[in-house]
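One chain is shown next in structure tokens, namely the form predicted alone.
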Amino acid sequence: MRVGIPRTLSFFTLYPLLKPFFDGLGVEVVVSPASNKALLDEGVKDTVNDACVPIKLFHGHVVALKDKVDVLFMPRIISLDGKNTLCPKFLGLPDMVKYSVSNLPEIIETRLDMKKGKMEIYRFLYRVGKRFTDNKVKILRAIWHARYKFSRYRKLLLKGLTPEEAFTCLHTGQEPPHKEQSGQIKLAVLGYPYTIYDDYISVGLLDMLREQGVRVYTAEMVPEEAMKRMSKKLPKNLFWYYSNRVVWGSQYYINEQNIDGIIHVTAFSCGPDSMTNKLVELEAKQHQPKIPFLTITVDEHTGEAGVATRVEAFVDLIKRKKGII
């Protein structure tokens, strides 16, 4: 049995949990290739016009997988933290795909809603496991193994690794090399993980910054205790899980980490991001001294040269402000 997992959207959040779980069940996991123009073009052709670029790209990843697997794993994710919901397009993603892409294999669209309690993640995995085996002991062992791997993944992110680097460490079983970031400029690069860590969507932004001598920090590098602390600073939080993590991450870096600037990466036509971007910008401008802020908006037409020019100018301005050049 081969299960296909698209390499986008919840992939950067849940793959370290799902891969060891399916391995424990004896199920082969097939992941779609890294995002590229061909996948995006296919997604643009199949999905609705007003979808954001990550949703369009997701459809392209599904097309790349559909003829190579027996089932597609596409859970209907409602909540990941028990409080906030996800973007409405996450909730309806299985339906969008079923009515947009033809000749699909079976889709596993098991519902995950952490508002039902902390044990819901285990009940979710158990329901998925029952699709492949009736051996309860085997399913429970797979869940335990997945829980251990996922905990280690979170620790690797806190050490400053990107998801892809953490995936490699988990796969090889080796400890990550000591990663001491160099550079005189500290920038927080904030945005949804499926936007920031997908090198095609972000046009390699993280590597671009590091090549310019910038120390890069993301929301995934913020400890959960700090996130909870930051969630109490605003009079009211947003409704969406990933949006709140961007806002809380910005609060943490602005107020507690003495950051030199913030870059917010947002997808064109993303409704939640229109509010998230303004909140982060206001927090940066109201801080004393003001924190330099840059918005990078990406869509299917975004080119590396345009982003590189804006980012280089932004970094140069900060360097001049600090008296480095």
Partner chain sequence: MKISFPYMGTSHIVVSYLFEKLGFEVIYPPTPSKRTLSLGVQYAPEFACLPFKIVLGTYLEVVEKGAEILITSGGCGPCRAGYYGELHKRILHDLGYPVEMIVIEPPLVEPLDFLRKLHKIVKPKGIFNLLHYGRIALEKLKALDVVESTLHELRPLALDKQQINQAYIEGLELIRQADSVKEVIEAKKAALEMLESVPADHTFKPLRIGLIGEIYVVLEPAANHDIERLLGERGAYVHRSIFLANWTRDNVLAHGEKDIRAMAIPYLNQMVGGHGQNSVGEVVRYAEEGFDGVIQLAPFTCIPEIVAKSIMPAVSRDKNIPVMTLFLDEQTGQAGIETRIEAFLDLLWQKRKKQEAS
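Numbering follows the first chain given and starts at 1. Worth saying up front: this structure is predicted, and the values here are computed from it rather than measured.
Here the subject shifts to the form predicted in complex with the partner chain, a form of this protein not shown in this document.
Exercise: residue 38 in contact with the partner chain in the predicted bound form, heavy atom 4.5 Å: Heavy-atom contact with the partner chain at 4.5 Å: absent for residue 38.
In the predicted bound form, residue 287 touching the partner chain (heavy atom, 4.5 Å): Contact with the partner chain, no.
Contact flag, residue 232 vs the partner chain in the predicted bound form, heavy atom cut 4.5 Å: Taking the distances in the predicted bound form, the answer for residue 232 is no, it never comes within 4.5 Å of the partner chain.
Non-hydrogen atom contact residue 34 with the partner chain in the predicted bound form at 4.5 angstroms: Residue 34 lies outside the contact set for the partner chain.
Check all three, 22, 26 and 147, heavy atom within 4.5 Å of the partner chain in the predicted bound form: The answer is no; none of 22, 26 and 147 reaches the partner chain.
Which of 133-141, 204-212, 73-81, 162-170 lines the interface with the partner chain in the predicted bound form (heavy atom within 4.5 Å): Selected range: 73-81.
Listed residue that, although the partner chain is not shown, lies within 4.5 Å of it in the predicted bound form (heavy atoms), from 187, 128, 156, 87: Exactly one residue meets the criterion: 87.
The partner chain: the contacting residue among 194, 217, 240, 252 in the predicted bound form [heavy atom, 4.5 Å]: By the 4.5 Å heavy-atom cutoff, the listed residue in contact is 240.
Residues from 256-281 in contact with the partner chain (non-hydrogen atom within 4.5 Å) in the predicted bound form: Residues within 4.5 Å: 268, 269, 270, 271, 272, 274, 275, 278, 279.
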